[in-house]
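Heads up, the chain below is alone and in the form predicted alone; it's given as structure tokens.
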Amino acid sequence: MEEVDGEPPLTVVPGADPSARQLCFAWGPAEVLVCETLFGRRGGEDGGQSSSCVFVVRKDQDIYIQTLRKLFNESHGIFVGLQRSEEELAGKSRKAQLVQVSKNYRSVIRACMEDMHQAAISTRDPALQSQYSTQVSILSAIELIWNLCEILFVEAAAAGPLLLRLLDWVRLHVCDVDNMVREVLSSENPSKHELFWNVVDVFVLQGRMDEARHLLSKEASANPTSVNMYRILDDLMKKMPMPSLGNTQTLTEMELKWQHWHEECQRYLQDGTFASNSHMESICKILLGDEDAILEKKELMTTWYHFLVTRLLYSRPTVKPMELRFYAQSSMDLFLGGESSPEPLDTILMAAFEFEMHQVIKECSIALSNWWFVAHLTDLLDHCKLLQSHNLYFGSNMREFLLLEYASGLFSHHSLWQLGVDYFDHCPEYGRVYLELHIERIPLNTEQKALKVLRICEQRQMHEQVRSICKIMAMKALRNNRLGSALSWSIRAKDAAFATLISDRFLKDYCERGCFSDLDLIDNLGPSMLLSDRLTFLGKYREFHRLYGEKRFSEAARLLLMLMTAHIAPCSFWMTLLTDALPLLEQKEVIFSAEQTYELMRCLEDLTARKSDKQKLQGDDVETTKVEMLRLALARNLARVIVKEGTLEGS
């Protein structure tokens, strides 16, 4: 898979005209931004003053189709279940488990296809109807390929059961004749219907012998002259040997029975038993595996792989898996006959019949418009131990590379990104690196979404991403003046600088409004207040107000003094703290001791001394009044304390 596959297909961006203006672009994780520049191409002239456009080109457009959400969501559950399944299961138990997982994937594809079909029928928009019909065709092809890979690679059917599985595969996926069958069977006289023999031929071509015999019995009843021929043909069809799913017969026994039956068919044909009825004679030739006779029914089979299975049924029923490649190639050549070239689907199926699973994955990656199919199929094959030896030349193995591509596409969707997390989790080599890069690009539109992303990061110990998300949300909250939310996010981010900034905003608001907002948060900071000195001050200052409100004046006074003397409080807030001391100084009962009063006086003098001469008392009557009131209150309190303490000493 390392060779260059040629030039990539041209992508036309509607509305962009590279011949008129030069285009510039920027690559993103899952899309490309293309924009027009002001540089014109024609004659080197300027592109003019008309407005430029920006185009978003997505590489995985399918994830935006609403009806495919079911496919992505339900297959995610199957994928996660497979990763967590018991690896210890061995032999038949493990194979049965993997086959069941494969069938679960196919049931999701089929359910999604049916939903899409119903949507195509119900919509009145021609464009939507065309889109849905296209998706139905793609999903049908995907299920066809997956089913074949399940038979050949996952189940690894052996000679004998292999043919039975291929017959079921054809019957399930070649459904073009079903309407014709219903039309004939619902008519009053099926044997006289113009499509009667076509339906019989279809049943024979698909190995549905019981249904073919049932229809032929109607012909015998309506045409007594053909009773003898009918009985012989019915007997041949009834006795046709078929491989068994169990171990009831060996391949040698099956081949001997089939050889005897084949010789009997040959004898009746050579004797001219069916010469008078061309339809029955044609059926007998088909039973003998006559390629020309089978190819005459080309229109009823519609596909070369239907022809392949019919050819094997009547000429090589015990075909071995490794022989399929020869029969497949010759069947496609005979069926197409040089009239048309193989489609991409034909190339993929041929690669499967040749057991070139890497080629199957490669061709599907090129042909399909998204990574869902190749990512999940490769993962399943990897669990079957079929891709262990195949590593890519640029580091990661094929399974991980495809899962990373698929998950990256999911991360470009506003809600499906959550599924992508689990895919990255199960990529051991590069999954975490991809997750770290992509999760930082998720737009955090709401706090609920941010908490969801944060929980994912915390569960995986992605500390850098946790801090980044918290900082982003804190900044958004701060811009919207939601200080409580901003403080909560900054604490969660353990960002001391930002917590200090928000604490200053809280204190500024308090100075302007005289009260705190978000009291519940500040009251319950707990050990978080130790994140920064300013946050510690905010928490302790709020505690001072709470003590004051509860009339625990002595405790409040000690806390207030500690905030100033320990230099936790910012200098710009000292005047506010001293002003808060005024009511305590004016209480009837003496609150501050002489020593505490001296400390408050020192703090007041330090505050006034710090002011420059230019600032000092320059047109600030309020500040001057506060200082004078504080000095007076402190002097009165000191006098009261001295008297009180002297009285206590004298007694």
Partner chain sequence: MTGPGPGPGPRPPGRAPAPLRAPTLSLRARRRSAANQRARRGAGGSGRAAGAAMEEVCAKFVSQKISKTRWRPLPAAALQPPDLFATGSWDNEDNRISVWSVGDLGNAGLNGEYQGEPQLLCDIRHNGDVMDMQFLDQERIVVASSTGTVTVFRHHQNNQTLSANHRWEKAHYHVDQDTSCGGAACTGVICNKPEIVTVGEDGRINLFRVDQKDAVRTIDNADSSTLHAVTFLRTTEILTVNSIGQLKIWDFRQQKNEPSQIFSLTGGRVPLHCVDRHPNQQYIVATGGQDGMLSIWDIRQGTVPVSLLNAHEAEMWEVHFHPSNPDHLFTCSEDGSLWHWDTSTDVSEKPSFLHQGGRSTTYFPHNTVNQSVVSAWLSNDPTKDRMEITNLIPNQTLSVNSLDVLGPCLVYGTDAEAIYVNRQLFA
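Everything numeric in this text was worked out from a predicted model, so none of it was measured. Residue numbers count along the first chain shown, from 1.
Form predicted together with the partner chain: not shown, discussed below.
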- prompt: Looking at the partner-bound form in the model of the complex, is Gly484 within 4.5 Å of the partner chain by any heavy atom?
  reply: yes
- request: Answer for Leu501 alone: is it within 4.5 Å of the partner chain in the model of the complex, judged on heavy atom distances?
  value: no
message: Taking the partner chain as it sits in the model of the complex, is Lys626 near enough to touch it, meaning that at least one heavy atom pair lies within 4.5 angstroms?
response: no
The partner chain contact at Ser85 in the model of the complex, heavy atom, 4.5 Å: no
- prompt: Would the partner chain in the model of the complex be within 4.5 angstroms of a non-hydrogen atom of every residue among Val32, Ile294 and Arg316?
  reply: no
statement: Assert contact_stretch over 439-447, 218-226, 571-579, 265-273 against the partner chain in the model of the complex, heavy atom within 4.5 Å, equals 439-447
Option touching the partner chain, based on a heavy atom within 4.5 Å in the model of the complex, out of Gln359, Ser140, Ser468, Ser244: Ser140
- line: From His193, Lys540, Arg505, Arg546: within 4.5 Å of the partner chain in the model of the complex by heavy atoms is Arg505
- prompt: Within 413-431, which residues have a heavy atom closer than or equal to 4.5 Å from the partner chain in the model of the complex?
  reply: His414, Ser415, Leu416, Trp417, Gln418, Leu419, Asp422
